[in-house]
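For this one, two forms of the same chain are given in structure tokens, first as structure 1 and then as structure 2.
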Structure 1
């Protein structure tokens, strides 16, 4: 047994490693720039020259602080057309566009020069003092430069270039930009002339070493440092701790409720198998099982939760309490808020577990030992509760282990609908806001708990049923 556990735990390691890689890849490829979202809600491209430079400085600092300036992984398999230093470019949008330019023209050094000249021109343009004669042209130049940063399409680039030229020529004060612009134009012409599409198909393997984002994150994670939430700067640990309390509370209460209701239900409907009673119970359970929880939640809120119909319960949230609120009042507020969610949490698993219980009881009632017990002349109640019951609990026990993962991931949809600040809600918000540290931690924790849960359920199986043994497994 002990050996079996050790073996299973060892197998966890590669699985977790793959999960960590998968999560990491996924969150990095979610479009959107977390730094941009953190700094200014996504718009740092406006303002005066000094302002812009300050903004960019802030951006770069933040990026370095978060470690997002490092290469993503230990190595990369790119083509010869792209660059191994592309990750150094700040701004995800620019990076994306440069990658596209590399693909289109197959020559990184020329693309780099083109990009550098674009940026210089932008700064120079901002440095030209604004006056009434050039204000329009300046805006036009800026807009068109912005287009150059995010477009790799030749048509768009050509029109933008033409517009910039027009802008420069229209105001005399902007004529200082002329030489820079000429350089830029030449760089683009050169880019086009030296187009080399074969490079796209030549694989290029690059090794970045251990100083990369993934390595940094995974080593910290193993040491127990889960990082800092991008959104509010709090440690991930405390964010998760706050959230998990809600989720745990809801799942534990609903679990107790479920088991209290479903075990007698399942046994009774198995005992009276085939009768009207059984059919009614089975049908109701089946309907409950198929009812989408988000539909029921929506309807409950609409009809009982502060809509235009009955206003019995608050429709969402968990209620405001201060630390000074008396205990019973607090309990009342919480109970009022959590009543509707609790119904939604419970009815689905109630149906599921009752059905399992019914099937298991039917199975054990048809066993020989039950027939023997009946033949002995035992009372039916004793037969069911003393002989069949314990054996039909077997499948239910293993289901118990599944609460681990459920507790951590919560019910994403229900928490969203009822605005309960639990794990599910936190996780979804983290995806929307590109809050990488939270995404990683939630996924890793739920993965670990799922694995542990499965192991525990296997062990429980062996504990309740002595016939099952893992120690001498033969092939």
Structure 2
């Protein structure tokens, strides 16, 4: 058994490595700029305002703090048309457009020159004092420069260039931009003249070493540093810890309550199969399983949580307590607030697991060893609970592996309805606000618990059924 556990734990390593790679690649390919989200509070204006240009240094400092100025991975596979320093470009949209320009023209040095002149012209335009004669022209120039930053199509570039030139000529105060604009036009002409599409087809391997974004992310994750929340700048570890205690509390108590109720219900339903008792239990469980949790939660709040009828229990939140609140008083407040959510957490699993337990028990009671035990004259309770019960647990243990990760991930719907600040609630809020460090931390923890749940299930198989022995298995 011990050797089997060691083998399974060793298998966890490559499995988690693949999951971490997929998670990380999703995090770097999702839309939006995390630096913009943190600086502007999620209200990005796509880089068109003078405010962003004026705060360029703050942007770069925040980007460096997040490690986004590093290469994405240990190496990259591309073509000779691309640059091995493209990751240094601060703006995400600019970086994507430069990659397209490299593909279209196959000459990074000329693309880099063209981009640098676009940036310089933008800064020069912002330094021109605004007046009534040039205000519209300055806006037009900035808008068209923004198009140059995000478009690699020659037609769009030519149109934007023409509009920029028109804006410069429309106001005397903007004539100072003429020399820099001429350099920009010449740079684009050179970019076209020295096009080298052959570089697209020449493979290029670039090695960046261990100082990269993935290595930094995975090593910090292993050490317990899950990054910074884009929403409020708090460490993700702190955000998760505040939420996980509520989800764990509900999940663990719900899991215990579910198994304590569902196992006896399922066994009794199987023992009295076909009788009125079995039909009543089956009907009630079928109804419970058919009712959606969000509807039950709404009905409980309406009837018992101060809605339209009774006000027996609080319908929202977890209760306000202070550090000086006595323990039993605090326990009473928490229990009162979490009573209705606990019902919603439990009833669906109770119905499902009871039905599975009933089917497994019926199957066990039809086996030869049960008939032999009965033939020996053993008491029916002894036959059921000592002989049939352990084998009936195998399907329930399998279900445990699927339920186990929910102890961390929580229930998004129920936590939203009851305003419980658990993992499900912060996960859905993180999705709405594109707070990716929290999302991917929840994903990683769910993956880890899924693997642990499967391992625990395998161990429990051997505990309840002596015929299962992993030590005799090969490989």
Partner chain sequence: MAKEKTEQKEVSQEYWAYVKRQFKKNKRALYSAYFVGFMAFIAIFADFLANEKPIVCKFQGKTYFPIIKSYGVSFGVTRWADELKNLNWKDAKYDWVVRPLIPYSPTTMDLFNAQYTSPTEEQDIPSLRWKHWLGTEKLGRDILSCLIHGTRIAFTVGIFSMLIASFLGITLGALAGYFGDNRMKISWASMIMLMIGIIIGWFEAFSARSYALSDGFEASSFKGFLQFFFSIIIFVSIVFLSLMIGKLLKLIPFLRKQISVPLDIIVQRLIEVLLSIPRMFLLIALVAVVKPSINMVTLIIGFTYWTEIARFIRAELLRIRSLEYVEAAEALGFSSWRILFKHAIPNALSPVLITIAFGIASAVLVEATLSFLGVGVPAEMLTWGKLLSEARTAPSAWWLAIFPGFAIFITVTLFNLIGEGLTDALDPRQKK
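Small disclaimer: the values here were computed from a predicted structure and weren't measured. Positions refer to the first chain, counted from 1.
Looking at both structures, it is structure 2 that matches the form predicted on its own. Rigid-part rearrangement between structures 1 and 2 places its hinge, out of 155, 171, 225, 382, at 225.
The two rigid parts differ in orientation between structures 1 and 2, with the smaller turned by 21° against the larger.
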